[in-house]
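Have a look below at one chain only, the form predicted alone, in structure tokens format.
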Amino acid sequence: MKPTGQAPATVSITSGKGGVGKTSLAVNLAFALADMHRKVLLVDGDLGLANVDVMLRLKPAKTIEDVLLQGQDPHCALTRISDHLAVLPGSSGVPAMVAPGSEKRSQLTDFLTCVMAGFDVVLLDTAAGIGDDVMWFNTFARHTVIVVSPEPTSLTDAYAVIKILAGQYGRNDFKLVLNFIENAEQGRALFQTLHQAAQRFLNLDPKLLGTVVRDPKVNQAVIAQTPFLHNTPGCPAAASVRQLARAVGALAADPAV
């Protein structure tokens, strides 16, 4: 893959809790951006319980584990999906990868910087929660996207992620994606609740990047291990993700954003 001439836009896809559809969203967003002819690298940043490969029925020959623990060539860990999309698989069930120390994180920085050259957009699908590895991926990325569902625990945990990244890591630019939304009214209320809390208690102004509607086709695609964007391209969730992809594409197009 030839270099594009500028550094890629790095975007973390993160959440305070599991079960909000974060990885499914990251996978389908990657496909939507690739359909827009963006060169996309999807990184499975869940270093202990990776599942992007499971969602796509991939059988990667190499993973992040092989590079960090065995010193193998970083480029050999990339799994090519198409001319415009590659996946960097994570590891699963490897205790040494669950909480890598500073030396491994330094290696990971060099590794990612090496393999992402030539891509337009790098999506980092982090683990859920506030673990050190989650925080690391969020600070490595230029743009932090937090996925929130209507569940009250999702809201409180998303707020916790924002609070920690702002208070301990100096981040102040957060973008929200609302997932599993029933209607526009629910979406507005959800965003206003989190936005008001961040503004009042943290003096922050998170932005709404996009909303994805609740759609039974999403779970069907997860079970079938295929992106709903291609499995059922006419479904409402697919339309939502395409719109979200345009918003992410705008981040990549404008280095000042």
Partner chain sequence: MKNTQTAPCPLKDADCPVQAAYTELKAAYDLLEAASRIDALTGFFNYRHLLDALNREMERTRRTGIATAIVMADIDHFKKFNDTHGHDAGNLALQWVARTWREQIRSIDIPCRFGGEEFVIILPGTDLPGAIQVAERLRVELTKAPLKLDDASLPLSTSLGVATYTQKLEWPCVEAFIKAADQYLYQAKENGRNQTCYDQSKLTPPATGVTSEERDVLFSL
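This is a predicted model, so every value here is computed, not measured. Positions refer to the first chain, counted from 1.
The next section is about a form of this same protein that is not shown, the form predicted together with its partner chain.
> Going by a heavy atom distance of 4.5 Å, is N203 a contact of its partner chain in the predicted complex?
No, no contact at 4.5 Å.
> Residue-level question: is Q70 within 4.5 Å of its partner chain in the predicted complex, judged on heavy atoms?
No, Q70 sits far enough from its partner chain in the predicted complex that none of its heavy atoms falls within 4.5 Å.
> Flag Q168 as yes or no: does it have a non-hydrogen atom within 4.5 angstroms of any non-hydrogen atom of its partner chain in the predicted complex?
So Q168 counts as contacting its partner chain.
> Would N172 show up as a contact with its partner chain in the predicted complex if we use heavy atoms at 4.5 Å?
Judged by the heavy-atom cut-off of 4.5 Å, N172 is well away from its partner chain in the predicted complex.
> Among 151-159, 135-143, 72-80, 109-117, which stretch has residues whose heavy atoms lie within 4.5 Å of its partner chain in the predicted complex?
Careful reading of the contacts points to 151-159.
> Quick one: of M55, L194, L229, L209, which gets a non-hydrogen atom within 4.5 angstroms of its partner chain in the predicted complex?
Flagged contact: L194.
> Pick from A221, A32, L190, L41: which has a non-hydrogen atom within 4.5 Å of its partner chain in the predicted complex?
Residue within 4.5 Å of the partner: L190.
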